[in-house]
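Only one chain is given next, in C-alpha cells, and it is the form predicted alone.
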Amino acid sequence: MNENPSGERKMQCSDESKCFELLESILDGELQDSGKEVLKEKLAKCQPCFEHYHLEQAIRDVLKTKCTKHAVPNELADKIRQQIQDIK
C-alpha cells in the first residue's frame, strides 16, 4: 500500500471493488484480526473506503434496530393455530 506522508486520505480508491469486498467481509464478521488491521490502515488512508465502511455500518445498525423480533401475542398465535386445525 502507498504511504501518504501528509497523513491525509486519498480521495480516490485504487481498487474500490476489492476494498469494498474486504470492508463488507469485515462487517459480516468473516475476517480475523489480521484483516481488521488491514482495514484500519486502509480507512486511515482512503476516503472512499472510509465513507463506504461508515455508511455500511450505519445501514446495518439501523437494520438491527428496526428488524428486531417482536413476540406474537399468545391470543393471536392460538387463533392462527385454531384456524389451521379447522382447515385440516
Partner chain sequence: MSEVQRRKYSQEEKNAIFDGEFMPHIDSMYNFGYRLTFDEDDAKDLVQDTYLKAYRFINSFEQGTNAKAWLFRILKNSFINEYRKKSKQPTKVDYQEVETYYNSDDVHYQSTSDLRAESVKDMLGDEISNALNSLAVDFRTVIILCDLEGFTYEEMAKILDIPIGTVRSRLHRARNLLKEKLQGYAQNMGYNTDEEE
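Because the structure is predicted, anything quoted here is derived from the model rather than measured. Basically, rigid core = biggest C-alpha set you can superpose within 1.5 Å across the two forms. Positions refer to the first chain, counted from 1.
From this point on, the text means the form predicted in complex with the partner chain, which you will not see here.
Within 4.5 Å of some heavy atom of the partner chain in the model of the complex lies at least one heavy atom of residue 25. When contacts are judged by a 4.5 Å heavy atom cut-off, residue 45 does not count as touching the partner chain in the model of the complex. The partner chain is not drawn, but in the model of the complex it has no heavy atom within 4.5 Å of residue 10. Although the partner is absent here, residue 60 lies within 4.5 Å of the partner chain in the model of the complex, judged by heavy atoms. Using a 4.5 Å cut-off on any heavy atom, the residues of 52-87 that reach the partner chain in the model of the complex are, in sequence order, 52, 54, 55, 56, 58, 59, 60, 62, 63, 64, 66, 67, 68, 69, 70, 71, 72, 73, 75, 76, 77, 79, 80, 81, 83, 84, 87. Relative to the superposed rigid core, residue 66 undergoes a CA displacement of at least 2 Å between the shown form and the other one.
Core-superposed comparison between the shown form and the other one: the Cα of residue 79 travels 2 Å or more.
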